[in-house]
Every structure is written in C-alpha cells, then in structure tokens.
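Only one chain is included here, represented as structure tokens and corresponding to the form predicted on its own.
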C-alpha cells in the first residue's frame, strides 16, 4: 500500500489540470486555488524530510568534564544511534556555578536541557523541585544491580530514581606506605592509630606533619566531616525522620578529634584554610604521613615527576575505637532527564549508553575516572593500567551519603559555618554544634511546613 504522501505529487498534477479546465470558475479564483495547492504541496512534501531529522539532546556540563566526553563518547553514541545527536553545552569550571545555571534554567519554566548532569548531592533538591523525571519504571532492578549500591542509593529520593551514575567518587585515606613498611607498621584502622603513628613518625623526623584534611569553610569540609562523623558512630540528618544529630556526643567527639590534631601539631595550623589541592601538594612533597582526599589524587601522587611515586597506599576511611564502622563520603556524577524534555525515549537511550559497562570502561581508560559499574574495578585491562582499583572498590563499597534532603545546600552551609567556628576556636564544640543543630532543625521544619 502506498503512503498518502507518496502519491500526493501525482494527484497534485491531476488537481491542477482539473482547475485549469474549470472554465466557469473565475480566473482569479482559479489562480488563488492553484496557489493554495502549491503551498500545501510544499508543506506536505517537506514532512518526510522533517520527520527524518535527528533528535538533538542537549546536556550542560562543567568545562573540565567536556573533553573526555567529546573525545570519544559523543561520536560513539551518535554512530550507534544515527537518529540522535548529543549537543554538549560547556559550562563554567566551578560546579556550584553549574548548579546555578541548571537551577535558573528550570526556574524559568522550560529548560533547554534534555539531559541533566547531576552531582550526587543535587539529586534530592532537583527531584523535590519537580525538575527531573522519575526513572524507576524505566530502569529494571537487574540494570541497577550492576552499579555500586551506594551510587544507586545516591540516585534516589523518596522512593523515586532520578539519575543513573556515570562515574563514582569516594573520600579515602592515603598513607606513606614506604614509611609504615620501614617502621614495621600496618596501615591505621582507627583515628586513634592515625594520631599514634603520626606522632611516632614526627618524633623520628620522618615527616613534618601527620594528618592532612580539608578544613576550609566550603563543601569539601562537609564531605570530610561526614566521614569522621560516621567513624565515631554519629549522624548529621536522618533523612527518614529529619532528626538532626550534630549536638550528640558522637558528633562532639568527631569535632574534638579534628581540633586535637591541630592542637597536638599532627595537622598544620593552616589546615582550617585548606582545600583538596592544598593538602595534596603538601603530601606529595613528602611532608605528611596521612592524607584524606579523593581518588583523583592517586594519578598525581604517582606521576613520573612526583617524589611520592610508588610510595603511597590507600585504605577506606577509618573509624574511632568507639565507632562501629568507618565510611567514605560518596561523590560522583550521574545523568537524569529534565521533566521538560520532549525526548524522553531518546534521553533514556543516551543514559543507558553512557552508563553501560563498555562505555564506562573506555571513559575510565582514557580519563581515569572511578567507575560506577562494579565489574570494572577488577577488569583485567583496567587493573593493568590502574593497579589500585581493586582496593578502590573497598573504598566505594563503604561509601556513605551526605543527607539526601531537598534543603541539602542550606543544611551544608549551616554545618560549614559552625564547624569552622569550632575548629578555629571561635566557639566551643558544644556551643557551635548546638546552634548548628537548632538552625538545621528550623530549616527542615520550614521545608516540611511548605510541603504540607
């Protein structure tokens, strides 16, 4: 059977011929009808071409992340999905500015982006605001089972699934393997052992500092504190009950530990102003025994020009002797779909492609990111290039979430301010954490009142 558009040109000529033969119709009317038919034919004849145009998906991401995507992955996707194009919009370097750009686009009511590149801590806010599609009916349990459990949990909000993890991240403890081996010491398993080993190596003049961590008032300090809090058996916000635990004894012991590292000279006095790169550089110069940082630091520490090459080991973040289990703060990025997108099915195809094991493997081999697909941590090719990945899996498996609440950004700001006040002796830990708890409770109660 012919499609109506296939036989339209033949019928058009027949209709035009008929119009010319209608002598009783005034000439002006005949000309008008011919003109209308010509316009109609032009419109209808372009419909097949329009319908065959590829769908273009737009994705905004920070500038440093763009090259690894455009180098291989975008072309591979478009080659395997000829009906879909992916347009990556290069955003600012700073991820907080990227979040602001997404937020502004959504608040204007019709975001130009189909895919959303989500930091794990953005998912609850974006989901609660109604900006993301719930993917729980589209992604099967079998598909989710291939990812690291913490990465999946970090993609959920109140029972819905709002992203799939593209790459993972988790805080961990770097240590001077050469120094510990020479001293006959095992890697520390507790915060107390970090203090003891640090003092021993400092007394021996093997290192200037013991333990480096991120103490500046910014999101990195919140991520760092989540790990210490977990190690002492405490919690920040219970996302189910919205109970705040910052003034509990476990949290106060966590703050005391950090303060003590400074007062005892284990950590430098300037640690309360340090971000990741500050601590990484000091450690890489051979000045410290232990470093809390993210996986990205491994390749820098082991670069050909690094004095620490081959001298560093990693372990999951430790716990206190009084705590039950340590935990590494979960980071990482994933893809969601904007609720305003008109191309959900195409966007789903893109998400499945970019989170697949084969594509993630190429991403890792090229850019050295941490996979979210568990099998890749022990893949022979990956391990041949990154020998520490099996150990890194132990870190990711012990990852803990920052509170998955819609008001996370505001809650984090509160914690950062009062934690900084306690660490710099502007307030006592008890006073600072009490005020942090009260302010966070008011924030959560206001959010609950708005929703009810």
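Residue numbers count along the first chain shown, from 1. Values in this document were obtained by computation on a predicted structure and should not be read as measured data.
The same protein has a further form, the form predicted in complex with alpha-D-glucopyranose, not shown here; the description that follows concerns it.
Heavy atoms within 4.5 Å of alpha-D-glucopyranose in the predicted bound form belong, among the stretches 218-226, 67-75, 346-354, 135-143, to residues of 218-226. Interface residue remark: residue 195 is not counted as part of the site for alpha-D-glucopyranose in the predicted bound form, having no heavy atom within 4.5 Å. When contacts are judged by a 4.5 Å heavy atom cut-off, residue 119 counts as touching alpha-D-glucopyranose in the predicted bound form. The shortest heavy atom separation between residue 333 and alpha-D-glucopyranose in the predicted bound form is within 4.5 Å.
Although the partner is absent here, residue 398 is not a contact residue: none of its heavy atoms lies within 4.5 angstroms of alpha-D-glucopyranose in the predicted bound form. Proximity to alpha-D-glucopyranose in the predicted bound form, defined as a heavy atom within 4.5 Å, singles out one entry of 95, 123, 180, 297, which is 95. Scanning 379, 276, 99, 114 against alpha-D-glucopyranose in the predicted bound form with a 4.5 Å heavy atom cut-off leaves one residue, 276. Along 296-312, no residue reaches a heavy atom to within 4.5 Å of alpha-D-glucopyranose in the predicted bound form.
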